[in-house]
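Form predicted on its own, single chain, as structure tokens, below.
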């Protein structure tokens, strides 16, 4: 499958934080979820992809093009949605429409106003009077109204109520129904990504922990729930991370079916994407000698 975005060896150093050789790809026609805690490096990575900040090292290609050398051509094809709206509070959607005609060569006025109607947004109301959900819908309307092939979004559903989030997720799924449309979606709302993402890229403290298909992650991982005396039965090489309590332990294992055969008397349950993320984050103090094998992109080995 062709990759729309390819990031290789991305580095960016700040005082107290660094991106460390981050590499991953975003396949065409997919929704790739970009997850990690606040401060993990998601926004820095996205800003680097969009050439908002300059990386210290590494390469980024979008449709095989250098987004710095061919910035104008690349950005014509990208719709962008950020956590905060970047439009001036005194502007109205009608005024935004007039401005965007001069920003994007393929700006579609009819499409923009149809989205305003669909979202219940007044064309004459000042942006500063919109609620957070309405502001996010306005950003999405702008992002979708110049015929982009790629959407890049940083926390677009953060802070929204479940009904508005559900409506926005439906729009994202509609967008990728066309096979050449692609989404890179950063979010810490893991349930949203478990619902719509095809692939998951997980970054933690500036480092890539894994990049793999969502279904494969969910199929491979499992949680053993064991009593205290049963913990020693489980081999270290099977374990990703352990959470202990006074009564027993929860153990995230990297090969659920193999462990089901190996430990038939222990309780095995599927792991959610959020549980997988939390276990990987908490494993720093309990890193095992046989860690998760990775390829050049940090994919989970099988």
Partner chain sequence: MGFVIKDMCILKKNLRVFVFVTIGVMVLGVLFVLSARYGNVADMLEEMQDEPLAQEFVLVGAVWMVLILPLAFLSIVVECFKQDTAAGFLKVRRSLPVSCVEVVGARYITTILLAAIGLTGSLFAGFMVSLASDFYSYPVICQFAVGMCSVIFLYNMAIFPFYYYFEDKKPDTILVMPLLAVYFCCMYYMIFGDGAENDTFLWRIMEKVSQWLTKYTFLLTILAVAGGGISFATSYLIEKKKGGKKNERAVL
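Numbering follows the first chain given and starts at 1. Here the structure is a predicted model, which means the values were calculated and not measured.
One more form of this protein should be noted, the form predicted in complex with its partner chain, which is absent from this view; the next part is about it.
Quiz item: Would its partner chain be touched by all three of 43, 76 and 85 in the predicted bound form, meaning a heavy atom each within 4.5 Å?
Solution: Judged in the predicted bound form, 43, 76 and 85 all sit within 4.5 Å of its partner chain.
Quiz item: Could you tell me if residue 98 has a non-hydrogen atom within 4.5 Å of its partner chain in the predicted bound form?
Solution: Because a heavy atom of residue 98 falls inside 4.5 Å of its partner chain in the predicted bound form, the answer is yes.
Quiz item: Does its partner chain get within 4.5 angstroms of any non-hydrogen atom of residue 50 in the predicted bound form?
Solution: Within the cut-off, so yes.
Quiz prompt | Non-hydrogen atom contact residue 80 with its partner chain in the predicted bound form at 4.5 angstroms | solution = Judged by the heavy-atom cut-off of 4.5 Å, residue 80 is in contact with its partner chain in the predicted bound form.
Quiz item: For residue 104, is any heavy atom within 4.5 Å of its partner chain in the predicted bound form, or not?
Solution: Looking in the predicted bound form, residue contacts with its partner chain include residue 104, since a heavy atom lies within 4.5 Å.
Practice problem: Tell me the stretch among 264 to 272, 238 to 246, 31 to 39, 52 to 60 that has any heavy atom within 4.5 angstroms of its partner chain in the predicted bound form. | Solution: Among the listed stretches, the partner-contacting one is 52 to 60.
Quiz item: Quick one: of 109, 167, 174, 71, which gets a non-hydrogen atom within 4.5 angstroms of its partner chain in the predicted bound form?
Solution: The option sitting close enough to the partner is 71.
Quiz item: Can you tell me which residues in 5 to 30 come within 4.5 angstroms of its partner chain in the predicted bound form, by heavy atoms?
Solution: Contacts from 5 to 30: 12, 14, 15.
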